[in-house]
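As a starting point, one isolated chain is supplied in structure tokens, in the form predicted on its own.
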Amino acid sequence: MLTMERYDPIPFVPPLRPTDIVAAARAVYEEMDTRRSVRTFSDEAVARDAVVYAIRAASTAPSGAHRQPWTFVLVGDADTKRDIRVAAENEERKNYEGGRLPSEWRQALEPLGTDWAKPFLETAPWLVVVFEQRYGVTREGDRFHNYYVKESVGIACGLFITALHRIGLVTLTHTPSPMAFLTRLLDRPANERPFILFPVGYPADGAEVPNLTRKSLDEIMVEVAGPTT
């Protein structure tokens, strides 16, 4: 049985309050607006500690009951990356050419120009595979429940993407479907399920990305007026 730790309160240290909070907010938005998903990577080496710190930044995410139900698997070994690429392309080929993807999905992907080939899985110096812990396991082998697993892991992945962007690296949210091969190749336990795969590195020289337009503020935000008196 899981023994619950008591979290005694400590003083909260608030973040530095900027002189002009709107200007600071605008600067953050403008920085993040330059973030793009990249599919052509350089094979230039990236310091392992840089990626590890990005993972540590991701681990600061809030989670249901503070269970932190995530595992970040860092892969830099060339043979393992090759095995992952072969397995991922095998599944993706079935999706794109074998009819597993519904026609509507294929039409949605067509403007992005993607296909079953995933060379970035070998070219990028690092792969980070995130697993969601569907339930926890004590050192004695007893199971315990994790709460809001997908929400918690999704928030952590968002922080990971942000951290990579802030330190000058690029990534791609890759979700080959199905992803069970990652559990086997990375020897993960039964309580973990693959959630997302991130190639991590620098962009290739001359890298290009689709000329996308993001939704306008009016399309993503609704403001609700407060009660009248």
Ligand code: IYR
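Throughout, we count residues from 1 along the sequence that is shown. Small disclaimer: the values here were computed from a predicted structure and weren't measured.
Another form exists, predicted together with this ligand; not displayed. Remarks below refer to it.
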Heavy atom within 4.5 Å of this ligand in the model of the complex, from candidates L159, L109, V137, V73, belongs to L109
Pick the stretch from 73-81, 112-120, 144-152, 127-135 whose residues have a heavy atom within 4.5 Å of this ligand in the model of the complex. 112-120
Is there any non-hydrogen atom of P176 lying within 4.5 Å of this ligand in the model of the complex? yes
Which residues from 127-166 come close to this ligand in the model of the complex, meaning a heavy atom within 4.5 Å? none
